[in-house]
Ligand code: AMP
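Here we start with a single chain on its own, the form predicted alone, put down as structure tokens.
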Amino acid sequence: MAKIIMYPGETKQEALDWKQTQEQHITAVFKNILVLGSGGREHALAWKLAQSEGVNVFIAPGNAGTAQVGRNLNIKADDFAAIRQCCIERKIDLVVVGPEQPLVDGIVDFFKADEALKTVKIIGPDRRGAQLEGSKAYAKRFMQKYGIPTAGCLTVTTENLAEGESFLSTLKPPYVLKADGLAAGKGVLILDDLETAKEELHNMLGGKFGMASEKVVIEEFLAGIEVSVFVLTDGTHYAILPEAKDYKRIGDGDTGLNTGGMGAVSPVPFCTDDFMQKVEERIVKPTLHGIQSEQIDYKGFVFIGLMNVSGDPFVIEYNVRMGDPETEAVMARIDGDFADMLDKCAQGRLDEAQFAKNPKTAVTVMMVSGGYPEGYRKGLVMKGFGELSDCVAFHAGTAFGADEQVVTAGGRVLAVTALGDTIEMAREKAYRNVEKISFEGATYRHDIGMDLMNYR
């Protein structure tokens, strides 16, 4: 079983000292890995990769947490020219793309087209494959073409607005409106009133979410419980990673505004062998068949957002990278050489890789800044890291302040993850450690995983 390790310090120097002690056992470096991104997902990926022997991990741009397990580089994840130079100068062997935007912008195509980057392997789909997340309309057409179960829908532009309004009238409430493009997680509206839904359809097409809502996908509402299934594929072979359930709303009991995610649990009790067999046969295999049929260059993660409707899986959405905060729970449950697994994936040899799923339960609790997901302050000093035990604190929105102390740098600040034999045990560990961390205005949900405790 992979050992859960944590960073005990609260300053930049303590982070560097801690990292040096972790590296002393490494005698030869054979792989340089660059992780792109700056959130909790990237910290979790870098943390897991750094556990592989003989690996140097760089993170661009990273955060105060990623400094624990690798070297942060002052490079933005969408600065392709700077990333190119970095790969050449630091002899990067493998690039792991964390966020979706660089993939949608074509970073994989950029690497393939550059002779100087030919030897650099990259985890992620090409630009066409990234449209599975970059365009809701494209994803829906893909699902329909390859017989993948999903909700009924209609894609609407200003040219068929009347048809869109008529389609809304045929549906039962609530009404689901999705901006076609990337909208930073804010482009989905679920509305109970038909007239309000029609009004919001006009608003979205009129630029409510900018270019992202030049097209709007109207969807039939699916009643059920959500789960995220993660697949790693080299385009031919695939591995189903641990699944997770995340919690989107800010308040206990799923109340309040939507957020980027307030916590996660893995495994998910209702994902029985029977249910997961349905997922594999009805969704994973047809998705891979579609990728192959469309001749998409896809060596990376497929995030499948599912709705469990009376025991049957339906696809809500695809993402082309790992989720956040699900990654913080999933990485804690992957046993094996993750760097080797990704390296073999990038080479088209995923079938040769080995990994196991830790049978324990991981619970992740997200600590956020007061006011999030609306206005919030940054630069607040964080305390208590040295008191943590039997958990790992993944940094989602942190930085080093002027005095080198760890400070807040985002709305979602810290994802505390703990493992336990049961959900109850993992919850107890996670929340016990959350209570040890302090920063002004800190808040979190108190009910992560409680809804799953009655599943047996």
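Bear in mind that the values here come from a model prediction, so they are computed numbers and not experimental data. Don't overthink the numbering: it's just position in the shown sequence, from 1.
Although it is not shown, the form predicted in complex with this ligand is what the next lines describe.
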Original post:
Can Glu243 be called a contact residue for this ligand in the model of the complex at 4.5 Å between heavy atoms?
Top reply: no
**OP:** Please check if Glu294 has a heavy atom lying within 4.5 Å of any heavy atom of this ligand in the model of the complex.
**Re:** no
**OP:** Consider Lys357 of the chain shown here, and say whether it contacts this ligand in the model of the complex, taking contact as heavy atoms within 4.5 Å.
**Re:** no
Original post:
Is there a non-hydrogen atom of Glu317 within 4.5 angstroms of a non-hydrogen atom of this ligand in the model of the complex?
Top reply: yes
**OP:** Would you point out which of 279-287, 376-384, 184-192, 198-206 contains residues with a non-hydrogen atom within 4.5 Å of this ligand in the model of the complex?
**Re:** 184-192
Subject >> Interface residue in the model of the complex among Arg84, His237, Arg127, Lys248, criterion: non-hydrogen atom within 4.5 angstroms of this ligand >> reply: Lys248
Original post:
Tell me, which of Met307, Val231, Ala137, Ala346 has a heavy atom within 4.5 angstroms of this ligand in the model of the complex?
Top reply: Met307
Subject >> Partner contacts for 211-225, taking this ligand in the model of the complex and a 4.5 Å heavy atom cut-off >> reply: Glu219, Glu220, Phe221, Leu222
